[in-house]
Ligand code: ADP
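One chain comes next, on its own, written as structure tokens: the form predicted on its own.
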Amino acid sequence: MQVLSVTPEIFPLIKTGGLADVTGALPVALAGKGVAMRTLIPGYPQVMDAFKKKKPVHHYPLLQGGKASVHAVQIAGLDLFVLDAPHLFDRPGGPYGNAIGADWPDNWRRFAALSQVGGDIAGGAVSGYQPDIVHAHDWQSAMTLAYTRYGKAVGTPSMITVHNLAFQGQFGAGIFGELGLPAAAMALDGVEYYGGVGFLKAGLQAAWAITTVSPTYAQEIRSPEFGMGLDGLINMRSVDLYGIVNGIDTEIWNPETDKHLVSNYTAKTLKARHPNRTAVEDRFNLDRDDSPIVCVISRLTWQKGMDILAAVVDGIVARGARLAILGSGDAGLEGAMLAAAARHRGRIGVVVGYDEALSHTMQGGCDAIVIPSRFEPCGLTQLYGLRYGCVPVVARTGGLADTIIDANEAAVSAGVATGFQFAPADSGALLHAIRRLVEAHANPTIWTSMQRQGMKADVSWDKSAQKYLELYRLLLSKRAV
């Protein structure tokens, strides 16, 4: 089965979040199930630098304002189509914005070009390649499905995966004339959205199937609270809506072999975690004692509930826990965390920024990880926590609710608890969860059981990849009909 995946980022080449982890891991997981996935990505500088031999398989004399070409390459075990369009993607900063984080004003043009190329490849533009299915991810590639719908690939089954509905790609109606779509596409059942052009909306409208990255999130986005203005359309398409929880790369995230750890360990050798704990204490200037270390590895944003955390850091320290915080984001929240560390020297430590190696050390050395998100389509850090015996404390939403078994009395008695859930996502509920955590940590039998139960959980891509395969087969059967 040939699947064309279209995405704005992919690990290990370009990553801003979990989307890249998913699009990088899914092709590998599906390869053993009879699926050949080729991924179309933009030719950002770091992508173009990753391969030397430039042999285009398709040329564009003019694509959204300049020359462009498509290269077929293999990098890091991934089969890729790379869109080399220097006028759109050869620029400093991140994939979506400049060095100070401001969005590129021509993002609509950049990702319309990516999507147009996706639609062309689906329609047979690359000699010798014809995908059976087109799979787009998030708003940046969602328009691929509009280009297939209104182009040569109209009969090709398609799917869109929503990793975060909050980001939709909404632009003014003035851009429509430059998209290269027929006039009929600027309609309610096409790309039109509140008088403008909605990239994600267009993908949701055109896709044969819609997936989100957890079953709970698939249901949540049908409500006004989580639907972000698209709940009406999503409910209209509910028969085609599926939730498939993400997996993680269990080779990269393996405490037994992880080279980022000071000390490797397994579920049977949990005492070997101690040197990692000491490394965390040293890096975050925390007191050395037996109280639990609760870590935060997150973007410091409202969605992630970091303002909720900032409001209760004094209470967390008062309840006997220490905090190790790694992240960056809103300046006000960064400042609040740094101020908390200054107030509670030895009890709270903060590193502003992102450090992949340090994040591994934290999972391997901290006792728990707190994720107080207001909404969380899937979440990956709680899965890393399970894998590493770093017990998750999570808001009961989205993928967090789907992947963590709360340590209520029945679950603890049955020996199946893997973490702590709290609801609603507010300061009172979070503090109550921290109190429960501290109490459980004081009981080595309960705590060790929770760690080991979490480490037993199947957080690999195998089950999830099987569900994607089944959905691909369903779409192919619909095409046959």
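Note that this is a predicted model, so its numbers are computed, not measured. In case it trips you up, residue 1 is the first one in the sequence shown, and so on.
Although it is not shown, the form predicted in complex with this ligand is what the next lines describe.
S.K.: Is residue 24 part of the interface with this ligand in the predicted bound form - any heavy atom within 4.5 Å?
M.R.: Judged by the heavy-atom cut-off of 4.5 Å, residue 24 is well away from this ligand in the predicted bound form.
S.K.: Is there a heavy atom of residue 159 lying 4.5 Å or less from a heavy atom of this ligand in the predicted bound form?
M.R.: No, no contact at 4.5 Å.
S.K.: My question is simply whether residue 379 lines the interface with this ligand in the predicted bound form - judged by any non-hydrogen atom within 4.5 Å.
M.R.: So residue 379 counts as contacting this ligand.
S.K.: Does residue 297 reach this ligand in the predicted bound form if we count a contact as any heavy atom within 4.5 Å?
M.R.: Result yes; residue 297 sits at the interface with this ligand in the predicted bound form.
S.K.: Among 354, 208, 242, 176, which has any heavy atom within 4.5 Å of this ligand in the predicted bound form?
M.R.: Checking each option against this ligand in the predicted bound form, the one that comes within 4.5 Å is 354.
S.K.: Select from the listed residues 149, 387, 201, 304 the one whose heavy atoms reach within 4.5 Å of this ligand in the predicted bound form.
M.R.: Checked against the cut-off, the match is 304.
S.K.: With this ligand left out here, work out from 282-290, 406-414, 325-333, 112-120 which stretch has heavy atoms within 4.5 Å of it in the predicted bound form.
M.R.: Among the listed stretches, the partner-contacting one is 325-333.
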